[in-house]
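Given as structure tokens, the chain that follows is alone and in the form predicted alone.
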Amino acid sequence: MKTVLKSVALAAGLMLAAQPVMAAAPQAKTLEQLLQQVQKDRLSDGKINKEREQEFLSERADKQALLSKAKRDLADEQARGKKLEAQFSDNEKTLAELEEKLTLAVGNMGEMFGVVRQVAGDANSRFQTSIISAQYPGRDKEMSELAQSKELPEMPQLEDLWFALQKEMTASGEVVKFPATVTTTSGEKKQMEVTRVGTFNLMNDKEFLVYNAEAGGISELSRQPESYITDSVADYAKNKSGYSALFVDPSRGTILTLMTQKVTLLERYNQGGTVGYIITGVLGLGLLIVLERLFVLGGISAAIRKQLKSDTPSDNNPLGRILKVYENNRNVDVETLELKLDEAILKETPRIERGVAIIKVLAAVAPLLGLLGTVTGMIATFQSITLFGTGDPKIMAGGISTALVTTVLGLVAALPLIFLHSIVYSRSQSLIHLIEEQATGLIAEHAEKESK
């Protein structure tokens, strides 16, 4: 049934396809012409179908060739894919091994570069305060950039670090002179020749200089050290050959800077305050009295020695005045003469001992004034502690300095006054003893005359 339906449909299709041809062919008028025409058309259709079949067969061969080629290409690509997959796997293994080696290498290099950054940071700190930077400014900037760099340093940077450290070591053993701009204590900038002694000192031909790391320049010290230290600079500058002694600062300027804050002798004396000035006045008064007494006693002693060599009594010395008393009382008895001479000696004694007791009193008062300054200084110290606490020792230093300085001043004033008092007292007593000795001799001589 399905076959019959397919035949009818095919015949209908052929009829529909043959209608234009039949319309174009001459119309048969008889059955025989129609039969011939049908046969003729049938032969023509068969020929066309064969040609079309040949074309179909030819195209099929081409398609088959293309299909075969495509299959071969597919096989080739599949083989290539497997090869690439194997190569990819091998590359993955190789890449993993290389990454492991790289990680190990980077770890070792990272440790090394960490050391490089640390060395660069230390060098930066050293260069900032080194007096060699006064001659070669700007060295610390390169070291600072290397120390703070987030990337691995390159070979030129490592060479710069090595060169900078080598230069620092070489310059630390040199004594060189170079021109530089120096800031004076008045703020002026002067161009002068500066001498650098290794990493220890900077100086001109007269005094020490200091390198100011914050300002990046050289400046004069606000106060030079003691004269015996500063004089060594001038001696060194004048020396043209051989060796010369020179004080060096191993702390690279720190000690010199601290010495500018050192209290001088005058400033330390002024720390004694009012009590210190009073002690100084006591010492000065005592010394004046001592000088006056030594001068007066020296004159009296010289006059007495002159009187001893003369037979004529003189009024310009105690012995002469006593001799005059003796001369005026030659006719009296011994007791009366003794009383007269004792009276004369008593009159002369105050003149000779005048001021000696005052020196002794001043010698005793001076340490007491020092003790007074100690007490007032400690009171000021405790007051500072009460107000400001003990956090800053400098606040307490003022009162403690007053206490100690006044104590020292009191002792310094008392010791020479005690020594000078003993000298003046001895000289006065020796004169009194000499007068009494001469008076006793006169009484003895007068008694001997009466007994005869």
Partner chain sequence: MMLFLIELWESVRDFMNTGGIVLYWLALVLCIMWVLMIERYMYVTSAFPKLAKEVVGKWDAREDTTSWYAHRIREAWISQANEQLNARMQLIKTLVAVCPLMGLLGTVTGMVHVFEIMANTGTGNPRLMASGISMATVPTMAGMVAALSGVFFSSRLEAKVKVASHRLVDSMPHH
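Throughout, rigid core stands for the largest set of C-alpha atoms superposing within 1.5 Å between the two forms. Here the structure is a predicted model, which means the values were calculated and not measured. Residue numbers count along the first chain shown, from 1.
Beyond what is shown, the protein has a form predicted in complex with the partner chain; the following relates to that form.
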* Any non-hydrogen atom of E450 within 4.5 angstroms of the partner chain in the model of the complex -> no
* To do: Report yes if any heavy atom of L34 sits within 4.5 Å of a heavy atom of the partner chain in the model of the complex; otherwise report no.
  => no
* **Distance check, V38 to the partner chain in the model of the complex, heavy atom within 4.5 Å** => no
* Quick one: does L337 come within 4.5 Å of the partner chain in the model of the complex, counting heavy atoms only? -> yes
* Check, residue by residue, if K394, V405 and S430 all come within 4.5 Å of the partner chain in the model of the complex, counting heavy atoms only. => yes
* Quick one: find which of 83-91, 183-191, 329-337, 237-245 has residues within 4.5 Å of the partner chain in the model of the complex by heavy atom distance. => 329-337
* Structure fact -> Answer key, the partner chain contact in the model of the complex at 4.5 Å (heavy atoms) among L297, A164, A366, L341: the residue is L341
* Give, in sequence order, every residue of 417-441 that has a heavy atom within 4.5 Å of the partner chain in the model of the complex, or say none if there are no such residues. => I418, F419, S422, I423, Y425, S426, S430, H433, E437, Q438, T440, G441
* Asked: Honestly, after the rigid core fit, is T390 moving at least 2 Å at Cα between the shown form and the other one?
  -> yes
